[in-house]
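The chain below stands alone and is given as structure tokens, in the form predicted on its own.
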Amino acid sequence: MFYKKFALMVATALTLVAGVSGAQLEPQLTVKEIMNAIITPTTGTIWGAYQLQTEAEWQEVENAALSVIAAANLLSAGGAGEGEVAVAEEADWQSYNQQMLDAARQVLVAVAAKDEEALFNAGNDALYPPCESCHQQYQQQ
């Protein structure tokens, strides 16, 4: 749980700094590092959320969605790996990233309503498809 909060804080801070200064930040993490440290654990939390009973359980899912949003902001500029900035400029990359962002926002709406069916739909119908499509297209590059 600590790593998720830390990743959220770092990603959020980077996003806020970029927004406040208006400057384009140079990526400091590779796409793989962003995926392994932020996206994979947080999407796992969203996809594994069912029979939520406590405020803490709902809060964990909300934090996961916020982390996905922060990571999507980072991924929109690409990563620090060779060629990752150029790949992030591709229309497909931007589309998948936007779909992931939109799905995370749907998760937030479901969490606010404490609606498990909407959460399930947001995770499986909105979040999973762009993740899988992006992996199929870009993971081997």
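Nothing here was measured: the structure is a model prediction, and the numbers come from that model. Each residue number is its position in the shown sequence, starting from 1.
One more form of this protein exists, namely the form predicted in complex with a small molecule; it is left out here, but the text below deals with it.
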Among the candidates 110, 100, 61, 74, the residue which, in the predicted bound form, approaches the small molecule to within 4.5 Å (heavy atoms): 100
According to a 4.5 angstroms non-hydrogen atom cut-off, is residue 84 in contact with the small molecule in the predicted bound form? yes
I'd like to know if residue 28 sits close to the small molecule in the predicted bound form, meaning any non-hydrogen atom pair within 4.5 angstroms. no
May I ask you to state whether residue 32 is within 4.5 Å of the small molecule in the predicted bound form, using heavy atom distances? yes
Touches the small molecule in the predicted bound form: residue 131 (any heavy atom, 4.5 Å): yes
